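To begin, one chain is listed below as structure tokens, in the form predicted on its own.
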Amino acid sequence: MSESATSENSRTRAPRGQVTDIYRTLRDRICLLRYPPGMLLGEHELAEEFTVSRTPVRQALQRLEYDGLTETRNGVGTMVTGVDPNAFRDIYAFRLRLSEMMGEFPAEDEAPHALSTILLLQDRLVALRGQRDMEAFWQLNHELHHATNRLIANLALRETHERYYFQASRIWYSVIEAFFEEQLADLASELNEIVGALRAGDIRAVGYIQRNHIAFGLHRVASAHAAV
């Protein structure tokens, strides 16, 4: 029997009234597996949580369905979709190509902000060592994604880059605990390399650095699935 979202106890503060904020909160809960595959997302219960009418909740759920994170079934309602192990290679392969395209549409005016953000992420990653806080680690990756995503000037590419990041993150998060220490080291390396590229003013290099680390992640996810 599917679980219901009524028992949600997440640390995420519920936004009040904005469709985009509700969508992002629900998306993060799905990617962090707080809402596991098969969980029913009731419009009424979510509307009460966010203190809004059902209309903005319905709009947020529609966006999640477009992202492939939920599906609506007649007579059942909206539920979180499962992670298809046969699709993850296609998702990761597409992300590799998207990263390679970043340098074709550089938003050079965003580079200083991205650099300052990533320098702060480095400090937070150091503080995380010795802990096994999966959500804090995911949040660092989340903020790194947003910093690099803003380096893409082309809106269509930026939105596609965003969408497939979250599709891939749910797959990645489902297996990360098995190789958490390796992922900490990989993230430290990625941050260092991106800082060097941004200081050199080379956004194209940022894309290729990201591409290489996505490839590392693909290898680890594939290994984890093979071991199951």
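Everything numeric in this text was worked out from a predicted model, so none of it was measured. Here the rigid core means the biggest group of C-alpha atoms that line up within 1.5 Å when the two forms are laid on top of each other. One-based numbering along the sequence shown.
Quick note: we don't show the form predicted together with the DNA, though the next part is all about it.
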property	result
Contact stretch among 68 to 76, 132 to 140, 108 to 116, 87 to 95 - heavy atom within 4.5 Å of the DNA in the predicted bound form	68 to 76
Three-residue site Val19, Gly42 and Pro56 fully in contact with the DNA in the predicted bound form at 4.5 Å by heavy atom	yes
Residue contact check: Val52 to the DNA in the predicted bound form, 4.5 Å heavy atom	yes
Rigid core fit then Arg54 CA moved by 2 Å or more between this form and the one not shown	yes
